[in-house]
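Consider the single chain below, provided in structure tokens and representing the form predicted alone.
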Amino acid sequence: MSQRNLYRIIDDNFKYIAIAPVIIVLVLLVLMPVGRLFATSFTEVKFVSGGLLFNPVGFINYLTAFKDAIAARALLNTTLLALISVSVEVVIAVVLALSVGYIKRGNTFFRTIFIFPMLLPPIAIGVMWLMIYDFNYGVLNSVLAFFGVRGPAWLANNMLAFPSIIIVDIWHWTSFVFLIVLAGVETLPHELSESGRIDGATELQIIRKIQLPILRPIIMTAIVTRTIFAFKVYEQIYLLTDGGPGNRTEVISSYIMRVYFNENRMGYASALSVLTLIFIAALVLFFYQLQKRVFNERGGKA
């Protein structure tokens, strides 16, 4: 083959050659592990002579998952955590991002303060809030004691443990949503806002009628991304409550880790992981369809 023909072949197929490394990485780092996880979910894994023995068991692991009350509670806790935390985080983040957009002097300071929690490692956040919630020496109970109120055991109380976890999650991840929404606020066309002011619109009307509709795709992206992250929460649960008291704060990630490492039920843990993956994919598809429907309705009204 001549050099000219080689160059012609490369030029004709350059788009496939350029994307080939990405496809290879995707197959090696994503598709193969997911395929192995899916295959393992249909087996019972045992340690034999220093190795692993995979015994096919069909759909037994999946049937066990549907009958597992703890798994159901963990999935419910994770869904509630995602629903409550993401809703509150989005509201706070939108308010903060729009407020920073109106600040002319010193907005860099406020941006740095608002994104600071996102810069901390999850382990450090867990330790910090563990000291805040500590029954005997925690900052929160010390403040309550100053006013003559005896503070509860926040992380050991059946009614307070889960809300306490949600507060930590909101404190940690609001900055992430804020950063995404702020990027959208930075790209808002100022001409539309100025036209609204000239026409006599108030600032609240400008935000509600002009800015929020433009920010809607970005907010939806933040919701989807943050929801996916919420279903992967583990570090703060492990450090603060380890799923307790009882199973009040057990989430699906911590339960899968417990089944896999503590109980050595690798096949069952794989089945739980596959079901969680399907559940998250269904949520993402739901958000996508919702976003598409909202945009179609806007287009029809326009």
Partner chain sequence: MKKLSLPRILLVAFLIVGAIVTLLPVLVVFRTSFQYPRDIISGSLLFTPTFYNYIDTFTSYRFGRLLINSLVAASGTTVIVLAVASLAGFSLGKFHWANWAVSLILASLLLIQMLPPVVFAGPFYLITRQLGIYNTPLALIMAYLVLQLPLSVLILRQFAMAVPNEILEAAHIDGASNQMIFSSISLPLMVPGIATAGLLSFVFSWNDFMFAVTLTSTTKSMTIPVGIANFSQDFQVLYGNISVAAAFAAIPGFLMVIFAQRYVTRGLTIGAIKG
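As the structure is a prediction and not an experimental result, all values here were calculated from the model. We call the rigid core the largest set of C-alpha positions that still match within 1.5 Å between the two forms. Numbering follows the first chain given and starts at 1.
Beyond what is shown, the protein has a form predicted together with the partner chain; the following relates to that form.
Choose from 208 to 216, 68 to 76, 124 to 132, 82 to 90 the stretch whose residues reach within 4.5 Å of the partner chain in the predicted bound form, heavy atoms counted.
Checking each option against the 4.5 Å cut-off leaves 124 to 132.
Classify K292 as contacting or not contacting the partner chain in the predicted bound form by the rule of any non-hydrogen atom within 4.5 angstroms, answering yes or no.
It does not: once the partner chain is placed as it appears in the predicted bound form, K292 has no heavy atom within 4.5 Å of it.
Does the 4.5 Å heavy atom contact test between I60 and the partner chain in the predicted bound form come out positive?
Contact check for I60: no, nothing within 4.5 Å of the partner chain in the predicted bound form.
With heavy atoms only and a cut-off of 4.5 Å, decide whether Y102 touches the partner chain in the predicted bound form.
Yes, contact at 4.5 Å.
Do P33 and the partner chain share at least one heavy atom pair within 4.5 Å in the predicted bound form?
Contact with the partner chain, yes.
Within 227 to 265, which residues come within 4.5 Å of the partner chain in the predicted bound form, counting heavy atoms only?
Sequence-ordered list: I228, F229, F231, K232, Y234, E235, Y238, L239, S253, I256, M257, Y260, F261.
So that I can tell if V30 moves, could you say whether its C-alpha shifts by at least 2 Å between the shown form and the other one after the core superposition?
Yes, the C-alpha position differs by at least 2 Å between the shown form and the other one.
Taking the rigid core as the frame, does T40 move its C-alpha by 2 Å or more between the shown form and the other one?
After core superposition, the C-alpha of T40 moves 2 Å or more between the shown form and the other one.
Note yes or no: does the Cα of R265 move by 2 Å or more between the shown form and the other one after the core is superposed?
Yes, R265 moves 2 Å or more.
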